[in-house]
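We begin with a single chain expressed as structure tokens, specifically the form predicted alone.
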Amino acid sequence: MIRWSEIRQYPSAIVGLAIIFGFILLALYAVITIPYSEALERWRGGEAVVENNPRNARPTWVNWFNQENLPPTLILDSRELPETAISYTTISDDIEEKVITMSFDYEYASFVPELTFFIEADFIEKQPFVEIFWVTPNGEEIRAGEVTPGGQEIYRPTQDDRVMRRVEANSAEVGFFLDPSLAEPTPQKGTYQVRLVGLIFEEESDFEAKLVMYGAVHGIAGTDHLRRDISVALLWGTPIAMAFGLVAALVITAANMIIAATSVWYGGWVDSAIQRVTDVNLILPGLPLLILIGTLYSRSIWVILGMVIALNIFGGGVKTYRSIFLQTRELPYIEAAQAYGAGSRRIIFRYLIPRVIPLVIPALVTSVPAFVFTEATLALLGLGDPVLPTWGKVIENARSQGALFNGYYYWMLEPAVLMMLVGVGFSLVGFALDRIFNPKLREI
């Protein structure tokens, strides 16, 4: 039995336990705050993701180390405005004018990468006609476009040639925010106003508008090329990685011990058969077989987990534990158990296996990161689970999109750091337990 006083003698073990405990809390937080169905929807890129998330935005903490204050995503929705920001004017018996005025402050050192209007109209036969005006802090009014929404309309001023001719810039995002008093292209800071003037031609007709100014930074982990929030994959990747690593390590270690104990106790042809199967299994190329299964059969992470376990049941642990059991079998208490009439099953599970558990625990703990890295390796080769958001899948997406070449270092570094911490945490605890259980190592 391990005592806390023994663990406290090793600061590395305390650090490792703190890291593991932190990942357990992170896994629980992910499962509780983001239900499985919601996580899959957000990772697949649902409608809300496409509308509100920027593309390839850096994490917000980048601003802590950046001299420029990069803009976050700014969303203005007419449904959330006060009543004073919306006015109606009757022009004739059949025509009514609706004016929506949206204001916002802009104090950032760079331009927004993308700007989109989402206009939703309700009508029976005659569609509303909406004009968009952009008013800068110095009072300049820019006609930002005209839209005749036929239900749900997406309008991007940069794609409108008429708007581009008016702003005389490479993009509407630059033209709308450009400070005319400076020679270098620089955003004009201050309070902006966006005014939508719509003509409604039916009594029951109406329209609402939402302006999304996609930021250069977004969330704690940034976004990818599909506008997905990377924090979803980092959070949900934690319980997946921990479950994959722990289940594989526990099942394989238990199976290795049982097979090795059975081999030693029964001996004879049983021992010979088990050792020959183990020899054959050890020369099989594990990773190529997993690649073959992922290519031809299934890329489900649980199928891969099952194959990882199957390929390691008769692994090197069988021979390692067999050498230990050969010594344990000759101990006096085993002979005493036989003399009292204990059966083979009782001797294996009550006397042989418990004897070696203290020696097995350190190896079990240190083997967990290896299985986490196996899943990430398969994902990096394009054989990761196509449904689940995992750390390996994030790294594979970053590699395929040239994240490092395009300067999106966060995209690849964030999951890599988490995987590194998992390896460090379990390794520190495993090495400390090895010293605790093995007296010969305490003096080293």
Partner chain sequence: MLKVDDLHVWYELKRFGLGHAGYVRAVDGVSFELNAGEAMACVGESGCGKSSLMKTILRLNKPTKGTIDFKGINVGELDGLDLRDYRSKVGFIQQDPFGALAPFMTIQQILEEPLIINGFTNAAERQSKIETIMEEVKLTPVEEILPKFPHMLSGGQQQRVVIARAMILEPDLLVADEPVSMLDASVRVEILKLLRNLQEKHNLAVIYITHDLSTVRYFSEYIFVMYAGQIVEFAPIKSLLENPTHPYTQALLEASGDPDAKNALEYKEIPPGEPPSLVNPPSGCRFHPRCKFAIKGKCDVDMPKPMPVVDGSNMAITGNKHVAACWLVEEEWKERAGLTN
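Everything quoted here is computed from the prediction, not taken from an experiment. Numbering follows the first chain given and starts at 1.
The same protein has a further form, the form predicted together with its partner chain, not shown here; the description that follows concerns it.
Checking Leu284, Ala273, Ala336, Ile124 for any heavy atom within 4.5 Å of its partner chain in the predicted complex turns up a single hit: Ala336. With the partner omitted here, the residue from Gly151, Pro180, Pro354, Gly267 that has a non-hydrogen atom within 4.5 angstroms of its partner chain in the predicted complex is Pro354. Looking at 370-378, 310-318, 254-262, 326-334, the stretch with residues near its partner chain in the predicted complex, meaning non-hydrogen atoms within 4.5 angstroms, turns out to be 326-334. Contact between Arg350 and its partner chain in the predicted complex is found at the 4.5 Å heavy atom cutoff. Taking the partner from elsewhere, Ala342 is found to have a heavy atom lying within 4.5 Å of its partner chain in the predicted complex. Although the partner is absent here, Arg165 sits far enough away that none of its heavy atoms falls within 4.5 Å of its partner chain in the predicted complex. In the predicted complex, its partner chain sits within 4.5 Å of a heavy atom of Arg346.
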